[in-house]
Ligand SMILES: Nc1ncnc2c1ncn2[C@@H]1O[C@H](COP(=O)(O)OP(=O)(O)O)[C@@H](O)[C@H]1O
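Here we start with a single chain on its own, the form predicted on its own, put down as structure tokens.
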């Protein structure tokens, strides 16, 4: 593994002291602790990542919004999942599962990497190449599950690589699309469009497949319905403003060049205060609009 493949470390200044329990690992936005043989504690932090790089500037209230948004969906979607209970403002106790190493993505609109891949001829869809246009039906678009960089997977590859059996894949695909449709309806009622969604699944000791990980603005794109207009970049209530800023400052270009050359990831810049406040407000607004609940932080 070369240096360009190694994800940048979590900035020490924004890692808070952990709770009781054995520390397992830190992901891009979560710290994970082992409570006992059957349960883990997810601590949702205010860390933010973009382009597979953890940034040095935290986004206040982000961790609480992600934690409670995930809990809301787990409680209300009616889909078997791994959540046991909330623990404080930003902690979730979950059942330990054997994770299925596939990111289950479903897209309702032609946007992001799907738009780019269509332009390159890497995928074939019965649509015109219009940015942010609605797809005829939700499109299941799985990828690898990686700490470095996720890559598209075909359904045939998933089965061939033993990531899921054909039966398991169809179960997970149907569940992913069903969840997307339920969430889309609720988003529309709150004045938003759910453009796409990433879900993860795992197996319990009995072999049952459960929805896992988290479901929040880091796992979906949410657009304000009133501002939606195909053919252009959409306003997004997630960390998209952070990605846009990193592109405008040239960091994204430097990052891409370094990775292409096999060089270390360049140190990411601190985010400006006004951008941090804007992104924090977006996480809070989407949580409160969708759930009808107030965020306590």
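Computed from a predicted model, the values in this text were never measured in an experiment. If you superpose the two forms and keep the largest set of C-alpha atoms that fall within 1.5 Å, you have the rigid core. Positions refer to the first chain, counted from 1.
Although not depicted, the form predicted together with the ligand is the subject of the following passage.
None of the heavy atoms of residue 58 is located within 4.5 Å of the ligand in the predicted bound form. When the ligand is considered in the predicted bound form, residue 42 lines it closely, a heavy atom lying within 4.5 Å. The ligand is not shown here, but in the predicted bound form it comes within 4.5 Å of a heavy atom of residue 99. Although the partner is absent here, residue 219 is a contact residue: one of its heavy atoms lies within 4.5 angstroms of the ligand in the predicted bound form. Only one of the listed residues (28, 239, 259, 68) places a non-hydrogen atom within 4.5 angstroms of the ligand in the predicted bound form, and that residue is 28.
Between the ligand and the residues 94, 105, 195, 164, the one pair within 4.5 Å by heavy atoms in the predicted bound form involves 94.
Stretch 207-215 is the answer when you ask which of 167-175, 119-127, 222-230, 207-215 has residues with heavy atoms within 4.5 Å of the ligand in the predicted bound form. Shown without its partner, the chain has 200 as the single residue in segment 185-208 with a non-hydrogen atom within 4.5 angstroms of the ligand in the predicted bound form. The rigid-core alignment places the CA of residue 40 less than 2 Å apart between the shown form and the other one. For residue 49, a C-alpha deviation of 2 angstroms or more is recorded between the shown form and the other one after rigid-core alignment.
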